[in-house]
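This document opens with one chain alone, in structure tokens, the form predicted on its own.
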């Protein structure tokens, strides 16, 4: 038998989750390999989002999304301060433009308080105008612990720390086969270019996590792991409205997404999005023809925005576990020992608030792999 390199943990995917996991594990264990099919880290979902640090307001109290987001909000701010990662706790206004939306705001506040988010406050029309002169709304909820972050700096911090602790990062390295062995797993990279053995596999492959799970032998349809690609496009504004907070509309009742919102980046640029469009393949082009739909959404709360000021920006793809019109589903984070694959940790459907949740998710994964490594 050909000798192969051996690792304790193989982390598949160098998005923000895979990087956070590699960083966390590197503080306890050696022989960690991080594999990523792209030329560098964070080139898919992790770098194509609103870069928002969420508070944990919307999802049901029993969701992992809720637990990790609430804990992650504090943890991410702490990490930013510790590692000098650019961030700004600028706050978010969830705005209601009619009586029906005001009623839904009440429900949102009640749910947030069940989640442990108890610092939301009401703003009336005069208070909204004082804080955001260009916004038109009847009432709003202010979330002071919502903010923005430089996600690239965050990811760079994770990988720098992981590599300093001995993690090997292999880019342009696509996992093409996983074979269970008597002890651990044999993984194949780039159709046989490289093979190695590992005790545990952490599947943090984002958009491709269902395909990786399938490689191990899991029936992804029976398990409910098959992902749907949900595209979200962004437009930016020039000239830009003068905004001081993130501005979110009241989301649809099924929480399929949070609505076309107005965000600020670390440079102060105003972007609108994302919208929602289910697609069959990954395509990051922005259709300028969607601008009218954006204007219709944005003018509900920002009536002064001019059509000619909206310009196509970028887009991202969400790895969703539900389809169009269906209720939001929770993260799947599971050790597949019950399916006969002990030490395979699958993370499926890690979309928003994945960025906010990355630190507690990494700690959760560390606890899951511990029985196999200690």
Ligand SMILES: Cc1cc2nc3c(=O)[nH]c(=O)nc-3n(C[C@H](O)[C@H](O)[C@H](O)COP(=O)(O)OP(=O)(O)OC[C@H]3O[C@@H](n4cnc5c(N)ncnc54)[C@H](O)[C@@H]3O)c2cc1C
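Note that the structure is predicted; figures quoted are calculated from it, not measured. Residue numbers count along the first chain shown, from 1.
Another form exists, predicted in complex with this ligand; not displayed. Remarks below refer to it.
Of the residues 37, 334, 31, 329, just one reaches this ligand in the predicted bound form with a heavy atom at 4.5 Å or closer; this is 37. Residue heavy atoms within 4.5 Å of this ligand in the predicted bound form occur in exactly one stretch of 46-54, 22-30, 301-309, 338-346, and that stretch is 46-54. This ligand is not drawn, but in the predicted bound form it has a heavy atom within 4.5 Å of residue 234.
Using a 4.5 angstroms threshold between heavy atoms, residue 70 stays clear of this ligand in the predicted bound form. The closest non-hydrogen atom of residue 174 lies within 4.5 Å of this ligand in the predicted bound form.
In the predicted bound form, residue 318 approaches this ligand with a heavy atom inside 4.5 Å. Of the residues in 354-368, those that come within 4.5 Å of this ligand in the predicted bound form through at least one heavy atom are, in sequence order, 354, 355, 356.
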